[in-house]
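To begin, one chain is listed below as structure tokens, in the form predicted alone.
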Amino acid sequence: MDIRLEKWSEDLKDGLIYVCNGTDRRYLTGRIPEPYTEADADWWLNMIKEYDGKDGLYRAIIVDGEVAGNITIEGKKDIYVKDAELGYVLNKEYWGRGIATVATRLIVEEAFMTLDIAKISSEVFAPNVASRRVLEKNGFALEGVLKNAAFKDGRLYDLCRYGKLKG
């Protein structure tokens, strides 16, 4: 299985729509519209043109030549400027194959080499054991549990905060 990251482009727009409409949303932020439309994809592709490589990285996860997911490292502002937030989403068809683990390793390596950051953080819904394992396999340490920090679909969730330091 060939797993690589690729910069988003207009050529990958259909893949972006496929990923965002084919994922399980239980543990995702509400920032991803549902359904995910062509207009949503156009907005995303235009936004990342401005920010990619400057204060963040925005990559398509490509598996055997097909778009399987999206992975980002977004820079923070103000006193948090040396920290960046990792997030990813895979279409359900690609779950359970180690793809997110490889994609996370690749984007973390690129981020620490190219962005002016000292740390990468990620907050994961506590019941999302698979995403927690992806982070742990990539050397992220559990920094704490934020009690009742997320409210989704009428339910409060704890968030597990992970971090990885440069070097």
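These numbers were taken from a predicted model, which means no experiment stands behind them. All residue numbers are counted from 1 along the displayed sequence.
There is another form of the same protein, the form predicted in complex with a small molecule; it is not shown, and what comes next is about it.
For the options Ala118, Ala141, Val129, Met47, the residue carrying a heavy atom within 4.5 angstroms of the small molecule in the predicted bound form is Val129.
The partner is not drawn, yet in the predicted bound form one stretch among 110-118, 130-138, 47-55, 33-41 has residues with heavy atoms inside 4.5 Å of the small molecule: 130-138.
Among heavy atoms of Trp95, some come within 4.5 Å of the small molecule in the predicted bound form. Residue contact with the small molecule in the predicted bound form: Leu90 places a heavy atom within 4.5 Å of it. The shortest heavy atom separation between Asp24 and the small molecule in the predicted bound form is within 4.5 Å. Interface membership of Ala60, defined by any non-hydrogen atom within 4.5 Å of the small molecule in the predicted bound form, is ruled out.
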